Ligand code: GLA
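Listed next as structure tokens is one chain, alone, in the form predicted alone.
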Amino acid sequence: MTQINLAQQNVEQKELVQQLFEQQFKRSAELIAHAPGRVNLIGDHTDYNDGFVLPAAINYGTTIAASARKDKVIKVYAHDCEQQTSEFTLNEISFDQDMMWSNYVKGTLQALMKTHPEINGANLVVTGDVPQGAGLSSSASFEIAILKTFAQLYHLELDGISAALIGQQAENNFVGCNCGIMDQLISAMGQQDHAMLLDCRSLSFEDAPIPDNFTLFIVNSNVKRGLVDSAYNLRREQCEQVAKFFGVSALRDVTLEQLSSAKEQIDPVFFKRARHVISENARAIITLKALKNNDIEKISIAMKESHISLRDDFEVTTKEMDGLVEMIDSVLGVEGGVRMTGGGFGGCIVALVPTSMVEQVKDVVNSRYEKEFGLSPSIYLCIATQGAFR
């Protein structure tokens, strides 16, 4: 996508959300805030193990139009949801089983009030173009957009790392998904045209340029997934058990040599889970260096090994995702990379594709995927964009 198209996309989102706000509240919004979704180039299921991840913020996200209120009432109109309106007071926040999207607003504001109890209510209109349930982090984009909105509305001293921690707290403690910090932090702190190697323990990060002749090529398998209800939390527990066996706080502190030497004493399934995490950390660091050196072949190998590890050791891929990776790999070879991305159990694959090969890769996906798996693929051509707090 060209910079001109990206600018046009941003203008269209702002115009839409402003128009919707005027329809709902019969006045203009005071401000418009935006937070991007993300795609993870490599490093899946490492974040909650205090490891390394390499995501990029993408040009799909959540846009919010807002005005402050003098009371504690929050009125939200979510344009893209079936049940579109939610109203509650900041003094009485409770989980809503029937309107799950509202819990991201409630949980985020509840967490924000621990450090900023002075905030008042707001009228909000929300729209987004991150595909929900695809593994591109629509929820983190939503949380960071809410935090950016309230930081601007009430002139809060809130930096990107603090915002990311608040968003994660909302998801862990209110929504009920034990996600790591990656999704929120890249949405808050991504850099245009770069991926970010994030150390999920120290929250330090290093940016690496994505070559300008490459496209972030994302395909939604359209296998529906739901992290809260899936085996995601089980995988986390299995990793924690192995860390406990070694007497460390997280798998970040275990080497492959240590794991291998204890193989006979560890449950075989737990062993595979840990092997994925430890090897994936190494691949994330390798990929950062390869990006800096523009070493596409090394990136290609790391992404392929990552997918195999997620398929065989962590067991979070599906036959559809495996099929997409095989199709795209058959075209790219070592000229680009491809793997599943996100939590797994459905969702998306990501490929780093030379711009000159984009049409060729699109053709193979469109000609083979539906024929072989009975599902229609959704293709997103992305660029790396700026985070909400960067």
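As the structure is a computational prediction, the values presented were derived from the model and not from experiment. Counting begins at 1, following the sequence as shown.
Although it is not shown, the form predicted together with this ligand is what the next lines describe.
Asker: State the residue from 291, 179, 76, 189 whose non-hydrogen atoms include one within 4.5 Å of this ligand in the predicted complex.
Answerer: Looking at 291, 179, 76, 189 one by one, just 179 meets the 4.5 Å heavy-atom criterion.
Asker: Taking 4.5 Å between heavy atoms as the contact cutoff, choose which of 101, 246, 88, 232 touches this ligand in the predicted complex.
Answerer: After the contact test, the surviving option is 232.
Asker: According to a 4.5 angstroms non-hydrogen atom cut-off, is residue 45 in contact with this ligand in the predicted complex?
Answerer: Yes, residue 45 is a contact residue.
Asker: Flag residue 346 as yes or no: does it have a non-hydrogen atom within 4.5 angstroms of any non-hydrogen atom of this ligand in the predicted complex?
Answerer: Because no heavy atom of residue 346 falls inside 4.5 Å of this ligand in the predicted complex, the answer is no.
Asker: Is there a heavy atom of residue 342 lying 4.5 Å or less from a heavy atom of this ligand in the predicted complex?
Answerer: Residue-level check for residue 342: yes, a contact with this ligand.
Asker: Just one of 355-363, 57-65, 321-329, 36-44 has residues with a heavy atom within 4.5 Å of this ligand in the predicted complex, so point it out.
Answerer: Result of the contact check: 36-44.
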